[in-house]
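Single chain ahead, written as structure tokens, the form predicted alone.
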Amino acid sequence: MKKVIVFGAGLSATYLIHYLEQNASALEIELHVVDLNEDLLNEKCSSDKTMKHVQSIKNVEFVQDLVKGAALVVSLLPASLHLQIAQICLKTGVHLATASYLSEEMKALNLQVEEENLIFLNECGLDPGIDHMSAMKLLNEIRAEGGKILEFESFTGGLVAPDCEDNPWRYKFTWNPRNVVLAAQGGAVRFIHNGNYKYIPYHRVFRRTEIVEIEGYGKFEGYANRDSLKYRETYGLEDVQTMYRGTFRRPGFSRAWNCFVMLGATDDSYEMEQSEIMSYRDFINSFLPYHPSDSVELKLRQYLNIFQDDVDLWEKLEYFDIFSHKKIGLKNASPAQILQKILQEKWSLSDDDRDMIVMWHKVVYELKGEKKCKESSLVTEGKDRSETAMARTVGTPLGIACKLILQGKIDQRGCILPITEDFYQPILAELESWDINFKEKELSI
């Protein structure tokens, strides 16, 4: 029996663990799952053959002993903890798989990983993950026909299913709320358009959006990810004239969200004094100029140039009770942490809510002197708050990739991404049985 270890039993672990349990006999694996939370372990592990360990990875001796002799380790821990696991895997000669971005620290291990004949797979979830695989499949099919890629655009969004859009924003948290609050921060957004490099400062990101319509699901608006050029070399698009990657929301979201950006409510760089006794109204007022008689509502309208007849925008802001006297109750909190708390009261999924993943690629290319365009789109919905589309699209591709590694079907070694045919063909094919499939169509230009 081959020992497989999963570190972390959080949101993305549900489908991964179930997939490995379902394939345990065929793969001849002994599955171990490690987490600090015993309740999570009991909830996520459905097979009585799965070995559960209530442990912290700070217990280095335990981790080293468990990893020794394993065939594969899967880390679903926070990205900052992957390196610790990676170093132990390198030392003990064990393959590693994660759904997280390939960090510079992990990249630095590449030569050692290759020399030890190991696979350290990264970015094999949804975004990053399915986005890479579906894009590479589309791009390589066009190249196989003799096409030259001119433009590439790609958007992904984690939203709620249409019949669960029960608030003015048509949005709820389906993943890490902190990532939503801090989206697009950390430097200017950059992309390339018609051969020219473009840069968008943070305070303008949510005012530069693109509208995309997907059949059967209506319109979405996309705002740019921080670095659209990161995968230009990875995708073999060094000479592409346009490359733009972004995030989907429903139309109107970005303009309203920009109000919080302009206000300063998404700032995570400092703590606010007496935040624990501050009310929601006080929080908003703390960013506004002093006036002896004007209300907070009026000052906010004036500060952000929100007109009286801008009903949709104002309804979105009022939805969060930001003018109420509710207490924040967070000590030494940053503006971003306070905003996250306010949002979570309204944007958390209810028991019956279903989330929805939307992904869309557009490729403009030249074939035999003629300009052509292809679109590829994915829409998949979750079952409920526990079995979400987000968890399914993160955990399932990683589970399939683990199977391929365990079966010896991956020849590459080093710190790699799932961008080659030996990964994306079998993974995308199997994902179709999980209601994760792409629809392609040709468009006229």
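As the structure is a computational prediction, the values presented were derived from the model and not from experiment. Don't overthink the numbering: it's just position in the shown sequence, from 1.
The form predicted in complex with a further copy of the same chain is left out here; the points below concern that form.
- Residue contact check for residue 325: none of its heavy atoms lie within 4.5 Å of a further copy of the same chain in the predicted complex.
- Remark: residue 321 does not count among the residues lining a further copy of the same chain in the predicted complex, judged by a heavy atom distance of 4.5 Å or less.
- At a distance threshold of 4.5 angstroms between non-hydrogen atoms, residue 197 is in contact with a further copy of the same chain in the predicted complex.
- Under a 4.5 angstroms non-hydrogen atom cutoff, a further copy of the same chain in the predicted complex lacks residue 344 among its neighbouring residues.
- Among 83, 90, 272, 349, the residue placing a heavy atom within 4.5 Å of a further copy of the same chain in the predicted complex is 272.
- Distance criterion of 4.5 Å from any heavy atom to a further copy of the same chain in the predicted complex singles out 303 from the list 101, 217, 175, 303.
- Annotated contacts: 223, 362 and 372 are all free of a further copy of the same chain in the predicted complex [non-hydrogen atom within 4.5 angstroms].
- Only one segment in the set 106-114, 69-77, 125-133, 184-192 has any non-hydrogen atom within 4.5 angstroms of a further copy of the same chain in the predicted complex, and it is 184-192.
- Taking a 4.5 Å heavy atom cutoff to a further copy of the same chain in the predicted complex, none of the residues in 34-48 make contact.
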